[in-house]
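The chain below stands alone, shown as structure tokens; this is the form predicted on its own.
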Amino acid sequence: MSAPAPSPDLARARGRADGIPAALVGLVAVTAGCLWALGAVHRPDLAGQAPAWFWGTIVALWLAAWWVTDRLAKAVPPTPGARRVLDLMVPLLFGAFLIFLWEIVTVGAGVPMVLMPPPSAIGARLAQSLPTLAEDFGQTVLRAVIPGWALGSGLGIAIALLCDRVPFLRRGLMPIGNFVSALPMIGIAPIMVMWFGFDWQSKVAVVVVMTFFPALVNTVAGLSASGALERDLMRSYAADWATTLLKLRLPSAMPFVFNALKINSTLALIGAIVAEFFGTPILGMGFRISTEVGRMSLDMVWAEIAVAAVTGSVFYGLLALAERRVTFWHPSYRRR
């Protein structure tokens, strides 16, 4: 008696899992080709004057990398651990190949350092300037971004709860929130510097203004996200406003609250850096960027940008991880 034929979904899943070994072999080949290209492009006979055959090789590597990344993205590993590894591998490979192309194009085509320094020069400058970058990180992130983000987001959430309790505040503050959100940051920053001085206090004030209203608007919207049936059930249990808020409405609002916190993590970093353009002590990411641009030291500018990008990504990732832990029940987190 013959075994039953597998279902179409199972057959497709097995087919996508069977394609992983071929993709990994292709990944090894692409990696070897990229390492060869990185060594070749820095040779004196190729740097700044790479011939056509070299660029043809780079195009072939790009097509092969595209194929490998596409196969890995479509693959369905059989175990949860392998899925997590693959979910991390695909974006890392994509980003690494973009940096590889950046290095190849800037060195092979002889792009001037003033226009676009290669990643190798940026990495070397970053390693040489770690003490300066650490001081700038402390001034901008630890003294302005994190306190301003926490204060602005916390006040926005607290005022949203008050607006939910007092309806006329909601009708009065929401239009103001939309108005302030449309104000250009480039106009707010110099005013805050004049009001609060040139040190970190003015940067915190800018971050608070930028993060307060997104937290307010999103939290107010989230508090209205619970369904009518759930609210009727709470009323049938004679639950008061506080009990309904804690047991139903606030948990339902958590996806909106975390959305505001993630948006504010980006706004806070941008706001603090831009605010430092208008006045700061001789420290800070914004101060360093504006100063080094004037000196035409673009490798230091890109080193500061790299630190800011990594900081923003880590900040956003930690909030996304916390969101997954708190809102695990949300449909968006269902497993594939």
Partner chain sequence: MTTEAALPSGPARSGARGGGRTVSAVLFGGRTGPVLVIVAAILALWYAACLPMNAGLPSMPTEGDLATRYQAAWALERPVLPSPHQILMELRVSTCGRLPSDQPFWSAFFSCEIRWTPRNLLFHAWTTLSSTLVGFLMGGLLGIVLAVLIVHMKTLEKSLMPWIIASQTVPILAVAPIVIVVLGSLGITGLLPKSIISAYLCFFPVTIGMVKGLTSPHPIDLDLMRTYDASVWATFWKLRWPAALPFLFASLKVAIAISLVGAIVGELPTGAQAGLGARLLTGSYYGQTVQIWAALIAAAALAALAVAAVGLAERITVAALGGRR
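The structure presented is a predicted model; accordingly, all values stated were derived computationally and were not measured. For clarity, a rigid core is taken as the largest C-alpha set superposing within 1.5 Å between two forms. Positions refer to the first chain, counted from 1.
Keep in mind that the form predicted in complex with the partner chain is not shown, yet the notes after this line are about it.
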| item | value |
| --- | --- |
| The partner chain contact in the predicted bound form: V274, any heavy atom under 4.5 Å | yes |
| 4.5 Å heavy atom contact, R143 to the partner chain in the predicted bound form | no |
| Residue contact check: G154 to the partner chain in the predicted bound form, 4.5 Å heavy atom | no |
| Contact test in the predicted bound form: R125 vs the partner chain, heavy atoms, 4.5 Å | no |
| Heavy atom contact within 4.5 Å of the partner chain in the predicted bound form, the stretch among 129 to 137, 88 to 96, 201 to 209, 143 to 151 | 88 to 96 |
| Position in contact with the partner chain when the complex is considered in the predicted bound form, options C34, L27, V301, L46, heavy atoms within 4.5 Å | V301 |
| Interface residue in the predicted bound form among A109, V114, A82, A158, criterion: non-hydrogen atom within 4.5 angstroms of the partner chain | V114 |
| Residues from 272 to 297 in contact with the partner chain (non-hydrogen atom within 4.5 Å) in the predicted bound form | I273, V274, F277, F278, I289, V293, M296 |
| Rigid core fit then S297 CA moved by 2 Å or more between the shown form and the other one | no |
| Post core alignment: P80 C-alpha displaced by 2 Å or more between the shown form and the other one | yes |
